[in-house]
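A single chain comes next, written as structure tokens; it is the form predicted alone.
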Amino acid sequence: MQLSNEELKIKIDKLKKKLDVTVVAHFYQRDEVFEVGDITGDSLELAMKTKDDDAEFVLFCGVGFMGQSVKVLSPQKHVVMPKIACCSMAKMIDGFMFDTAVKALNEAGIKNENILPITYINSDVVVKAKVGEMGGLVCTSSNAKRIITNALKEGKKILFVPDRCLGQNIGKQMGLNSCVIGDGSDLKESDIICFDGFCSVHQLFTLDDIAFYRKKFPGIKIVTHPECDPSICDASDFVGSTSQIIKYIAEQPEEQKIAVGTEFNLVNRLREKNTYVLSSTKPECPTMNETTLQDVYDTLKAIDDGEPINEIFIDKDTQKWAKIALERMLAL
């Protein structure tokens, strides 16, 4: 017999009290999964909070690269995931494709010693390790501008992977020249050279959506994430990371109408009134929504039975260089 969500929550709560485990949930998770999280937040925020937590087991509700980041920063912990879901953006680049991107810069006359790679945290641990080994570092959507500003002091070309939108949006904010590998641009003329990756959810928002809401609600604020296309961010009133969006909206008067261009589960929880999803379709991340309460319960039960499932393991060399790339970011 299938249990209801309320029955599952009771069982989950009992196991959490029994076991040395912390349940961690990303903002984009389903409401019922988000509600059982002991630690909630954005990807890097979760990895940092979990690093300071004493539990032996981390049950991470999110997508694969996030669980990897927790393991990289807390190698002594057992990191398990109800579902090792794949972020579509992170899957767009692997170690081989990173090497191919570097080769494209080499063929354009840019030597390795003149390249500083930066990877968005939404990337596989192998990519983070390759970036770290080349002297590069990780960034998030909230600190990308600061990371790039500091990186430019080295006088090198920045190879930004995997999200072209974030790289180009930050470049625009800073008045820098940017391009995407393969778009026909002269790579040597660009300050930021972007890999051609993107978030499938944040590509759903269009200029027509913005025009519709501005016409329907004069004075509405358009709020978007920098993973959106640059044209969408240019037409927005505020562009920011998940945590920055939450803060911005919390500071707005309750009567202020706001249309938000990011993942549906987060938007749905922001506030009760005058908040709209900036899309004619539901911008729901399919992989973030794979995890169910039943999955959380099954994973806790497996720990209780002494046979943990879906545990994250990272080889020693990859762990070393990925950690260096993350720690270079944290040092800033």
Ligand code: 13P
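It should be emphasised that the depicted structure is a prediction, and the values quoted were computed from it without experimental measurement. Don't overthink the numbering: it's just position in the shown sequence, from 1.
Absent from the display: the form predicted together with 1,3-dihydroxyacetonephosphate (13P). The rest refers to it.
Proximity of Thr119, Asp124 and Arg328 to 1,3-dihydroxyacetonephosphate (13P) in the predicted complex is absent: no residue of the three has a non-hydrogen atom within 4.5 angstroms. Contact between Ser141 and 1,3-dihydroxyacetonephosphate (13P) in the predicted complex is found at the 4.5 Å heavy atom cutoff. Using a 4.5 Å cutoff between non-hydrogen atoms, Thr242 counts as a contact of 1,3-dihydroxyacetonephosphate (13P) in the predicted complex. Within this chain, Asp295 is remote from the site of 1,3-dihydroxyacetonephosphate (13P) in the predicted complex, having no heavy atom within 4.5 Å.
A residue is said to contact a partner when one of its heavy atoms sits within 4.5 Å of a partner heavy atom; Tyr28 meets this definition for 1,3-dihydroxyacetonephosphate (13P) in the predicted complex. Partner contact region in the predicted complex: 39 to 47, out of 274 to 282, 53 to 61, 296 to 304, 39 to 47, criterion any non-hydrogen atom within 4.5 Å of 1,3-dihydroxyacetonephosphate (13P).
Of the candidates Lys157, Lys83, Lys77, His202, His202 is the one whose heavy atoms come within 4.5 Å of 1,3-dihydroxyacetonephosphate (13P) in the predicted complex; the others do not. Note on the partner interface in the predicted complex: the residue among Lys128, Arg164, Lys71, His225 having a heavy atom within 4.5 angstroms of 1,3-dihydroxyacetonephosphate (13P) is His225.
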